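Okay, so here's just one chain, in structure tokens, the form predicted on its own.
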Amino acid sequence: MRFVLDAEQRLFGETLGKLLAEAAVPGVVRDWAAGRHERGLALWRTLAEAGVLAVAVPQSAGGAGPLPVELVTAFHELGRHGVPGPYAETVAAAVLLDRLGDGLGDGLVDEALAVRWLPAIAEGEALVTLALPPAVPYAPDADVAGLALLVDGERMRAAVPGEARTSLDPARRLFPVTPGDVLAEGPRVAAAAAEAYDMGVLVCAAQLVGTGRRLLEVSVDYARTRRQFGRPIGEFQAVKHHLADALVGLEYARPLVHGAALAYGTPDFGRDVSAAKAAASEAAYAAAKIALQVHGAIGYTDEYDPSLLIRRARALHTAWGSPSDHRARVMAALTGG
């Protein structure tokens, strides 16, 4: 198994990183949390033009994928910069619509649904959100999505959004949904939803690793400059050791995420994405806690940009399944339970 990105994949990630560094993302996040979507939607279109969503959509529908390694690369950068919006949900919805719209029968009630929405996803013209209860009970950003879906067992329905719930991360706006019109039903729906769930888990794990890495970077920078007792606080063992522990956790999670991407299309994909999500959730959450400790009270303030990532790491910790859910899934896969 090969974990090293090739030159084209590295260039893809570096290009996204530069693009997002110039995009003043913290301001976009604060706008998104306040319900002002204009800048976030403009960034969505820019990222789509760079290929972020095309790599989730099959070539037959106007995309370039599905390319899990490229998706992981892109979501790592989305996580590093704290980009708001239902990116993971849109990627999962692309998998769901693709699997149900292949014309093999027992699929979509309206076969034109996939034909209409998949190219729009690839081109950045459509935001899609979905709920896959019980693991994904809410449809994030349903108020701004062009299509909201709900899968319950063997039925996929249009989702009718309710009132937004308060979230740990104000920029991750959670909407409960009720069932609307049936769009597809039958055994293939449950199978397609399982594949969509695994892809959502994978990109969420990549997002978490990116978020954790950025939190570690800003914490190290702060520890080098913040002085106490005449010395940078990073010289104290109590600070160094916490930062080193955060690095070890993230370095442990990163190859699990890339390994899961390489397992796409194999029977091990579900097990591997769960191992990756459990490790990435714990590593990013630990990095967030250490970032708070290193920064002290400033880390809590809304005006300080790292606070946006700290809240994002906590919210994504349990999004797309909690670490205990995914550890149980790995155990079941290993023991045949």
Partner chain sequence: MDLDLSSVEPFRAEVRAWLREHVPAAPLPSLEIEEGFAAHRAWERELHEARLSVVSWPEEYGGRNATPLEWLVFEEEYYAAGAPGRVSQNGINLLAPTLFQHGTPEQLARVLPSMASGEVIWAQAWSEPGAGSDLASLRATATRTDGGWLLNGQKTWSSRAAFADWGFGPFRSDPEAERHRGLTYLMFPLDAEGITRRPIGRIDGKPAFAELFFDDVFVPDRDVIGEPGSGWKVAMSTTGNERGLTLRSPGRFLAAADRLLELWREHGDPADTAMRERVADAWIKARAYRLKGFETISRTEDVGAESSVNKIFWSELDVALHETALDLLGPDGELGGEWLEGYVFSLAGPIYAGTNEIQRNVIAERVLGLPKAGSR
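All values derive from a computational prediction rather than experimental measurement. Positions refer to the first chain, counted from 1.
Same protein, other form: the form predicted together with the partner chain, not shown, and the subject of what follows.
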{"item": "All of Q9, R224 and R227 within 4.5 Å of the partner chain in the predicted complex, heavy atom check", "value": "yes"}
{"item": "Contact test in the predicted complex: A328 vs the partner chain, heavy atoms, 4.5 Å", "value": "yes"}
{"item": "Partner contact for R30 in the predicted complex: the partner chain, 4.5 angstroms, heavy atom", "value": "no"}
{"item": "4.5 Å heavy atom contact, L47 and the partner chain in the predicted complex", "value": "no"}
{"item": "Contact of Q237 with the partner chain in the predicted complex (heavy atom, 4.5 Å)", "value": "yes"}
{"item": "In the predicted complex, segment of 274 to 282, 33 to 41, 302 to 310, 58 to 66 with a heavy atom within 4.5 Å of the partner chain", "value": "274 to 282"}
{"item": "Proximity to the partner chain in the predicted complex, single hit among A244, A112, V182, A191 (heavy atom within 4.5 Å)", "value": "A244"}
{"item": "The single option of V128, L216, L150, V83 touching the partner chain in the predicted complex, heavy atom within 4.5 Å", "value": "L216"}
{"item": "In the predicted complex, residues of 183 to 199 near the partner chain [heavy atom within 4.5 Å]", "value": "none"}
